[in-house]
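Before any questions on how it binds or moves, here is one chain, the form predicted on its own, in structure tokens.
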Amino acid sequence: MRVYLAGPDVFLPDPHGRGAALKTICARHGLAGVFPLDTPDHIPEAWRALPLPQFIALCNESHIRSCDALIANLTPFRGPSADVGTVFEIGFMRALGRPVFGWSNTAADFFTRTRMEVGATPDGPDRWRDRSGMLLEDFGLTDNLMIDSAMLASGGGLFTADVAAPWDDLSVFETCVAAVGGRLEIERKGKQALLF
């Protein structure tokens, strides 16, 4: 059972070491982690002539298609929200109809993080606006409603906690992986039962 490990972890100082650590945790729970920097099993020759950004994007889409589920690191990245590339990958997997799970090393909700980041001011009861007059989304969710909703609608889940070292601590990730392993095992057994 293969899981795509989406997230801004590729930007860490040692992304390959991070990928290896994430895969080790996956293996403990019976899953094969696929990290964005892994080389796909098959690369069409036409891709090699593309500019590097397009080549990388196609490789990552290929990885996602080859996986049974996606686990996204939603720890806020360069702002109050998740990494935008990760968010795209969540939508891509959701469109494939496969489970999407998320984890974040920040427990504060999206509204709280955004309000602190953009210097929001109140605009009536339970309404806040940023410096540009734009309304802040306030649903008590981990991130934008499309992200949280995609995970829940897919049958996935979302795990959060505040940790002291948000870019080092993998305890929330491990909790998420354990849940994914359990969910995929149930699906596998269900498919086997249909064969008999």
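Keep in mind that what you see is a predicted model, and the values were worked out from it rather than measured. Just count from 1 along the sequence shown to find any residue number.
Below: the form predicted in complex with another copy of the chain, not depicted.
In the predicted bound form, the residue from Asp130, Asp38, Asp169, Asp68 that sits within 4.5 Å of another copy of the chain by heavy atoms: The residue from Asp130, Asp38, Asp169, Asp68 that makes the contact is Asp130.
May I ask you to state whether Thr160 is within 4.5 Å of another copy of the chain in the predicted bound form, using heavy atom distances? Thr160: no contact with another copy of the chain in the predicted bound form.
With the partner left out of view, is Leu12 within 4.5 angstroms of another copy of the chain in the predicted bound form by any non-hydrogen atom? Answer yes; at least one heavy atom of Leu12 falls within 4.5 Å of another copy of the chain in the predicted bound form.
Report yes if any heavy atom of Ser104 sits within 4.5 Å of a heavy atom of another copy of the chain in the predicted bound form; otherwise report no. Ser104: no, not in contact with another copy of the chain in the predicted bound form.
Report yes if any heavy atom of Leu52 sits within 4.5 Å of a heavy atom of another copy of the chain in the predicted bound form; otherwise report no. Leu52: contacts another copy of the chain in the predicted bound form.
Can you list, in sequence order, the residues from 125 to 148 that come within 4.5 Å of another copy of the chain in the predicted bound form, counting heavy atoms only? Result: Arg129, Asp130, Ser132, Gly133, Met134, Leu135, Leu136, Glu137, Phe139, Leu141, Asp143, Asn144, Leu145, Met146, Ile147.
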